[in-house]
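As structure tokens, one chain now follows by itself in the form predicted on its own.
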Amino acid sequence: MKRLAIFKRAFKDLFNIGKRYYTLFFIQSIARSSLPFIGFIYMTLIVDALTRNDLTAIPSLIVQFLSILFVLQLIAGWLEPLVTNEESLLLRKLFAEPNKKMLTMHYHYAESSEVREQLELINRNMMSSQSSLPMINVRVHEMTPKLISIIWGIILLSPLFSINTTSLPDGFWWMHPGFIILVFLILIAISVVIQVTISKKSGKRLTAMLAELKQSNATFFYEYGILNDTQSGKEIRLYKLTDKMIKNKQADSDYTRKLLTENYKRFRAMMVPMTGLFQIMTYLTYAYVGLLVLFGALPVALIIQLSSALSQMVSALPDVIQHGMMMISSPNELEEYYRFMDLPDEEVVGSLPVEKRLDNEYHFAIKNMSFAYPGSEEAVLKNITESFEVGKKYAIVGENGSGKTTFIKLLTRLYEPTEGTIKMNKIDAKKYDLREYFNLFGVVFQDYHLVGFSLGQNVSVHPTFDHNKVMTTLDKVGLGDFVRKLPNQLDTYLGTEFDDSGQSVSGGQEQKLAIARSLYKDAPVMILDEPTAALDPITEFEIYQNFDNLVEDKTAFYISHRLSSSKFCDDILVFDKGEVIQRGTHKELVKEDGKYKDLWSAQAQYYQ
């Protein structure tokens, strides 16, 4: 029952995502697959007219046939480019679905290494698992014309139920259509059982083969990613890895070819009895229809319709069964896909709009806040109670792993507290509309990410932007002159992913672009979360001090395990093992024994 439910859901999702594609495809399939059967019907009518010597009816039948043929071909041909385009869009959407899910799920799930590994596996399974949505789409595409042929075959076989049995010679009771249909149903049932057995074995073989290929595929995609990363070229050359990677690729190809060849041989051996049975059924079909005509139980003309319909139906049936069995052969991968898709989305709890204030008077107060990751009993942050005044500068310091970044993610509601509350202007932050709440913060995280679009779009994070505002912002971070010297200035692409004339920038310039992006947003609360951790302490200090000048009278948080931002901040919070153990100004904290004094003493040489 669980398997049935999971495939029912898969088909529902597939048709909802590709509603337009399937509508057009089904219409086209009906038009295209009906062509031969319309031909069988009119050939039967024309031959019948000839046997009755009714020549006057033939021109009319030919005109009708050609007219219907023309309309069906016109529909099928007209829809072809539309169906092709819609199928391409459907495949893009199907491959995008799990990646879109990463953008809507709770951020702590999206950030989890296990979830990212799960996404990587799902993306690999998209074209390898027989039960993935793209492969189910392939099976539906292959099965639909065959199913239409079977339906047409059943319709065209209806004259068998009205044959003149009195014309049959004595002793030929077994030629009664009811008996023959029963025999054929039994043969078809036997063929279905054989086909299901073969498909199950083939599916198990395929599943086993894909399991063997899983490690090989993982290695392939990993090395493929390295080869696509131009930054890897230095190590590949300097450490002479070229020959090794080429050999890995060749070994992977040989191994994959071997497995596919072995699987094909087994499948071919299993298909021999199936093919033989359907051939026998086809020969019996022609023999039976021929005898009925010979004994006068059927008009001569019907030999075309009946034999052709039976032949088409018998040849279509094994393909339908095979594709159907292959489609349901890997339910585990589909269950894994839906486990991922069912991860909780960001909760739309609040709907209260955030008040727009020109004075930036947004006050934050935290009370008894604790946080633990889902499934973990160990708290990352423990019972934090703090308040922050508007327009002040705060340094959040502590060693790596002390909870600094987690604190900021909770303040910005990327995470929600396990216990306690965060209040903004005396109202629980959860009551605010999440998207509007996000707009309060301009953040530069340590793992900031720039995209391969234009420099202007990277700063504005929007397809369109205010050129003057972007240039003013770039001037503030010291990149204005650099951008003005570029041929396309703000329209210059970052990197060469989308434009061969794109511009590569240094690590320092990337950091300045990330800072410019936060400034362009012009949010009332600015946060700098260790984006300069890879720099030396003196350069880091200069960047923090410059950023402090740029944020002017806004509330700002500076996070670091080094103390480059401490001296010019109004207040310092010292984190250790998920707790705020000290708070005060630099002058106050450096005088008292504690964590801050120890850290400052260890780092003071860099700031003298």
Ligand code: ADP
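The shown structure was predicted, so the numbers you read here are calculated from the model rather than taken from an experiment. In case it trips you up, residue 1 is the first one in the sequence shown, and so on.
We do not show the form predicted together with this ligand, though everything after this point is about it.
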This ligand isn't shown here, but in the predicted complex, which of 478-486, 425-433, 392-400, 81-89 has heavy atoms within 4.5 Å of it? 392-400
Position in contact with this ligand when the complex is considered in the predicted complex, options 438, 373, 286, 95, heavy atoms within 4.5 Å: 373
Among 493, 415, 152, 520, which has any heavy atom within 4.5 Å of this ligand in the predicted complex? 415
Residue 301 versus this ligand, in the predicted complex: is there a non-hydrogen atom within 4.5 Å? no
Tell me, yes or no, whether residue 406 is in contact with this ligand in the predicted complex, where a contact means a heavy atom of each within 4.5 Å. yes
I'd like to know if residue 148 sits close to this ligand in the predicted complex, meaning any non-hydrogen atom pair within 4.5 angstroms. no
Check whether residue 386 has any heavy atom within 4.5 Å of a heavy atom of this ligand in the predicted complex, and answer yes or no. no
Does anything in 92-115 come within 4.5 Å of this ligand in the predicted complex by heavy atoms, and if so which residues, in order? 111
